[in-house]
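Only one chain is shown below, in structure tokens, and it's the form predicted alone.
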Amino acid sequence: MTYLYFPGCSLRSTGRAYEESLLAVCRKLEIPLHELDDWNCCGATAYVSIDETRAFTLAARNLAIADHLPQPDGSDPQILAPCNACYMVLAKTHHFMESNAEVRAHVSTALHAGGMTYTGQTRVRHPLDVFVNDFGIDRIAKKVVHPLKGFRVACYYGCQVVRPFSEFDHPVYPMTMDRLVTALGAESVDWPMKTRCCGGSLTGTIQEAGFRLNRALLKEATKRKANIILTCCPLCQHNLECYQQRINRRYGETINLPVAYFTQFMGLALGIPAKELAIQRLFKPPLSPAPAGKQEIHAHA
């Protein structure tokens, strides 16, 4: 199975560490990816509030391209969308195209004007789903060369990857990332906010509201004695990592938690060099609480 990789806009800009670590892990696990030719922005979550039909058309163009790229074995194509917003928008578009005749008619007309057709064959996948359910937890555990003992991980899924389309995990209390973290040798912290919204773009629009939502997540993870937060969303990672100092100043606190992508964490356990995982792009690298108070990155530089 070769997955059609849909990087989306974030992984080519603010989420570069996500892309670099994802590609490194897929190479290590020998999971074949082929970047979707001529892909376009999915519209994220903003465009749909402006013009829903055009937003569906924008996203459906990517699905239409993938529809005509079947696997050599004849199986249906599968798009791998790492960004939570991209994953949700593409999955939502597929859902509406299949269940809403009016949407399908409008979108199909627009695609036809561009010489394209939508068949609905393409399945939208998230890397968490692929790693755990296709490659398998047991196989990943056997490839671990640096067990990440000492880490207490708050797995943060964000509000979009399992809602509203809970294709591969529970919509309120997902466990896919938690199971993966355990297989890597770390401890998964039980906490109730793993799908609570971080505020999304509110940090750049209504900042006070965005700060409150981020602070609630950071405080709860600290309360549960987590020493790292892992996420699978570029915007979530950006909010929780980049605004910590400003949140601390605003509320007079001293929260100091590294926030990394789950793919970076996987890569460290699999023995991939830190630079290939873009660890240097993080404000605060995921340092292991090693013996004798010494902290070392669990990877060869």
Partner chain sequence: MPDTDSSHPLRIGFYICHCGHNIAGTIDVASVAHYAAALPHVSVAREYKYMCSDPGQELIQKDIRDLELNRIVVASCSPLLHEHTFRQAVEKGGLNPFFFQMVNIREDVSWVNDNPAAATVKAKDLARAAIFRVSHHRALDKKHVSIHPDALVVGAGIAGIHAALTLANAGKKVTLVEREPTIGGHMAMFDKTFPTLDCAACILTPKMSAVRNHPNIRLLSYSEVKVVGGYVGNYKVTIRRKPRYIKEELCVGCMECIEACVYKEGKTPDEFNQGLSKRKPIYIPFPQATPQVVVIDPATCIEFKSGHCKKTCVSVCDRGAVDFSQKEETIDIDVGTIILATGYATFDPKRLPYYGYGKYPNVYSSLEVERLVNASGPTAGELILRDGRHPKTVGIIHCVGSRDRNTNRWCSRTCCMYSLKLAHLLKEHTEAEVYNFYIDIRAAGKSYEEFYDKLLEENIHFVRGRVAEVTDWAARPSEEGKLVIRVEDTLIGVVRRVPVDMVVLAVGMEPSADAQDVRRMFNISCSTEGFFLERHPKLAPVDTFTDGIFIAGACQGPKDIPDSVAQAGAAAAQALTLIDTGEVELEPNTAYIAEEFCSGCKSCLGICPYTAITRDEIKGKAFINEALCKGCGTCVAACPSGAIRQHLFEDDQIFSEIDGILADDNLTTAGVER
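Numbering follows the first chain given and starts at 1. Everything numeric here is computed off the predicted structure, so don't read it as measured data.
One more form of this protein exists, namely the form predicted in complex with its partner chain; it is left out here, but the text below deals with it.
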Pick from 172-180, 225-233, 73-81, 147-155: which stretch has non-hydrogen atoms within 4.5 Å of its partner chain in the predicted bound form? 172-180
For a quick test of understanding: in the predicted bound form, does each of 97, 120 and 123 have a heavy atom within 4.5 Å of its partner chain? no
Quick one: from 220, 134, 167, 187, grab the residue that has a heavy atom within 4.5 Å of its partner chain in the predicted bound form. 220
My question is simply whether residue 196 lines the interface with its partner chain in the predicted bound form - judged by any non-hydrogen atom within 4.5 Å. yes
When the contact criterion is heavy atoms within 4.5 Å, does residue 141 count as touching its partner chain in the predicted bound form? no
